[in-house]
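Consider the single chain below, provided in structure tokens and representing the form predicted on its own.
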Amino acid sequence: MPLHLKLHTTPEVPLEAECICPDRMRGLSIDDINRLIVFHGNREMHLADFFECSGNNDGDIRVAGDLVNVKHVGSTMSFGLITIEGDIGVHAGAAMSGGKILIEGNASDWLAPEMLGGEIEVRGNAGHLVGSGYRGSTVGMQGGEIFIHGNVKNETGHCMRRGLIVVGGTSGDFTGVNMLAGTIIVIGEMGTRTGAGMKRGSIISLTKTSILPTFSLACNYSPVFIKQYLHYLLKKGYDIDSKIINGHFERWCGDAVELNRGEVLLYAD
């Protein structure tokens, strides 16, 4: 039986709840879990002041309630499953290295910053800076997989180094900005300035998009690795047209202001 956390008091200001994490709850009794520390603004309080706790602590945690003001859920987790039964606040899954976070609603800004491994699935939309590095850092997502079935906002994959980000809907501006490696796949439309400042890595778009003048067209081809990715996404529940799977892509190389070794691949048929 999973461990159930149900919000009974909605926080008036952002609630920092890094303790909602299988690693931090491992081996604890229900009483110990109730006494875990959270910060309501700058006030130190206990988890039981906001959540009703029940069930068994076996690495499977289910969190319910109006969680848009609850921060850092699943930060640094390395195993287990967290299911968010609704929306979640900022910094969910920050620096996580393993396990899975399933968000049945929407995710706020800074989803999985500096992620190292594991998997995050968002059934709804996500905000700005998915899988990105914090401001001033040159290190973003370094591993793992993020699957978003809805839309995202700006700077998805900022400073990304490794891993996979998939967006089922539309993506905002500056997708893959300053990207160092890894793969971003956008099924819907993309915003402007895609791949600005990218050094390496692949950004795959299944729709036409504007390309920066610092990218140059290299070829039109049908790469096997994209077919493999798209078959994988079909298994993950994404709706992919078969003609795209077998279609051709334009390969644009850039960004020329950097190493010019990244690529933006646009569906061409």
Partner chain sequence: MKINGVQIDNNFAEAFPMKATRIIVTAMNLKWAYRAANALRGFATSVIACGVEADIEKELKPSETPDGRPGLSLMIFAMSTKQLEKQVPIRVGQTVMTTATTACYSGMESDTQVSMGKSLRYFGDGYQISKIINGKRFWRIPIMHGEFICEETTGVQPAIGGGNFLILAKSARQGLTACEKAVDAIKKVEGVITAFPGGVVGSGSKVGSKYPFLSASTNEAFCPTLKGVVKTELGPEIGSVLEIVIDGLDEASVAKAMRIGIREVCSYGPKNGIYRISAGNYGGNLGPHLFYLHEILK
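Everything quoted here is computed from the prediction, not taken from an experiment. Numbering follows the first chain given and starts at 1.
In what follows, reference is made to the form predicted in complex with its partner chain, a form of this protein that is not presented.
- When you look in the predicted bound form, the only residue of 80, 89, 182, 168 with a non-hydrogen atom within 4.5 Å of its partner chain is 182.
- Only one of the listed residues (207, 228, 216, 34) places a non-hydrogen atom within 4.5 angstroms of its partner chain in the predicted bound form, and that residue is 228.
- The putative spot formed by 145, 221 and 261 is fully lined by its partner chain in the predicted bound form; each residue has a non-hydrogen atom within 4.5 angstroms of it.
- You can rule out all but one of 48 to 56, 26 to 34, 228 to 236, 61 to 69: in the predicted bound form, only 228 to 236 has residues with a heavy atom within 4.5 Å of its partner chain.
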